[in-house]
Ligand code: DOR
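Taking the form predicted on its own, here's one chain by itself in structure tokens.
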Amino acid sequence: MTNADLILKNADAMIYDSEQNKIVKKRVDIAVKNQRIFEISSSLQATSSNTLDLTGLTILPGLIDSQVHFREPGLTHKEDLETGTRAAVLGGVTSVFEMPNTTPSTTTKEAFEEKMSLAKNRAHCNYAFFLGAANENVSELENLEKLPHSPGIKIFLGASFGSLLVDDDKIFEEVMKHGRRRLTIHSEDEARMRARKHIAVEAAHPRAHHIWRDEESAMISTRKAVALAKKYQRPIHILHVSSSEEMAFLKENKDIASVEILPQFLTLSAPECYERLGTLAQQNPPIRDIRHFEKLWQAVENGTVDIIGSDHAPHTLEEKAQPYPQSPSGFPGVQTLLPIMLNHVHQGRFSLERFTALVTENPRRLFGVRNKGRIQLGYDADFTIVDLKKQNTITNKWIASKCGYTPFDGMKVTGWPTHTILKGQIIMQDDQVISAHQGEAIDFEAHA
């Protein structure tokens, strides 16, 4: 074997088996050369001085978190691209797709290029930026979705601000018509939520959040999105689905719609989370009650769910302390996604193979990520290495996000990231960033 730049030895690895067309666990050694996976073997001769003995550990393809809000530009008192990506690599995430609801919104080529410039030489993990659909850029979307290093177009049908909120059915239809790539959707019906906001105001407590933004608010919007997607044969991706009704509906429409779920929907439930955490548990769409909780897990297990994303959306504690419903929705999650979900694997809720597909292979496939998301010859040497048996406690002190807290503070978990590797370079080891600012822009398959 030609001398390798890095050899990973003595670990189980979640390998993509092309013959079986699925991810399987195998005990292998992996060699990296020129930033790519160069050789996978049952026993590699350690000819590299840079050999990492991973006895007792497990190698995953580098995790892709396909929904984060890093707040830069314009809202950097909450988060920025440096702190957000630092949190990502500490949590074992190697690549992120960042959302367009910054200030200014990412609705033009110029705004997109500004974000690219801000991330260069500052990001700790790999990055890509969604473009936002807005009232004024509909005719440009077919060109904007082709910009390199973008996963495509994101549309807010509810719960946004300014021109990013598209609550006009005619404009939504125009957005659906203008483009070919998978359209990513925040699906809540703005008109119904406005009509029901009095519920939140009168309750003056976040325990009413899932009642105000009820299941029907989501269903109205998701039915509309699927109908238009089928009309124009435009694939769609429904973000952060939190209701059992939506999951049942989307299960019957997998030909056109892919589905994301969040760790918090699989870990917390109402009303307990709101009584214990108050506005720290407030997000859109909301965490719902136990009836939905069990159905959401069924959707993970039966294949309805395609992707787990974090919806990392930090606000300061001062902002969160505002009286409900003036308090903003959203909380940090990119750093806690992996340990929370590994704990669910440990508890037997689902398999490591299934979890790995939801955060690597499926986002790679659905969004056309090039050379990432698999442990396969020729792919970029991005790895997330975990100790499936390590017991730890998630704490606010560990959180690298500017907001400095997590609603999971104090949660004991089994399963923890030990190393984050980008293109064969160790970025994080044992809860420390040891090689900073190594993130690069993510490439996607060409879209004619």
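All values reported here derive from a predicted model rather than from experimental measurement. From 1 onward, residues are counted along the sequence shown.
This protein has a second form, the form predicted in complex with the named molecule, left out of what is shown; the following refers to that one.
Remark: of stretches 244-252, 228-236, 174-182, 155-163, the one touching the named molecule in the predicted bound form is 155-163 (heavy atom within 4.5 Å).
This chain is drawn without the named molecule; in the predicted bound form, the residue among Q283, T106, S221, T336 with a heavy atom within 4.5 Å of it is Q283. This chain appears without its partner; in the predicted bound form, the one residue of N101, S258, N343, S269 with a heavy atom within 4.5 Å of the named molecule is N101. At the 4.5 Å threshold, heavy atoms of H69 reach the named molecule in the predicted bound form.
Within 4.5 Å of some heavy atom of the named molecule in the predicted bound form lies at least one heavy atom of G330. In the predicted bound form, the named molecule sits beyond 4.5 Å of every heavy atom of R374. The named molecule is not shown here, and in the predicted bound form it never comes within 4.5 Å of any heavy atom of R86. Contacts between 298-326 and the named molecule, taken as any heavy atom within 4.5 Å in the predicted bound form, involve D311, A313, H315.
Cα of F161 to Cα of T316: at least 3 Å shorter in the predicted bound form than in the shown structure. Note on R71 and G162: their C-alpha atoms are nearer in the predicted bound form, a change of at least 3 Å from this conformation.
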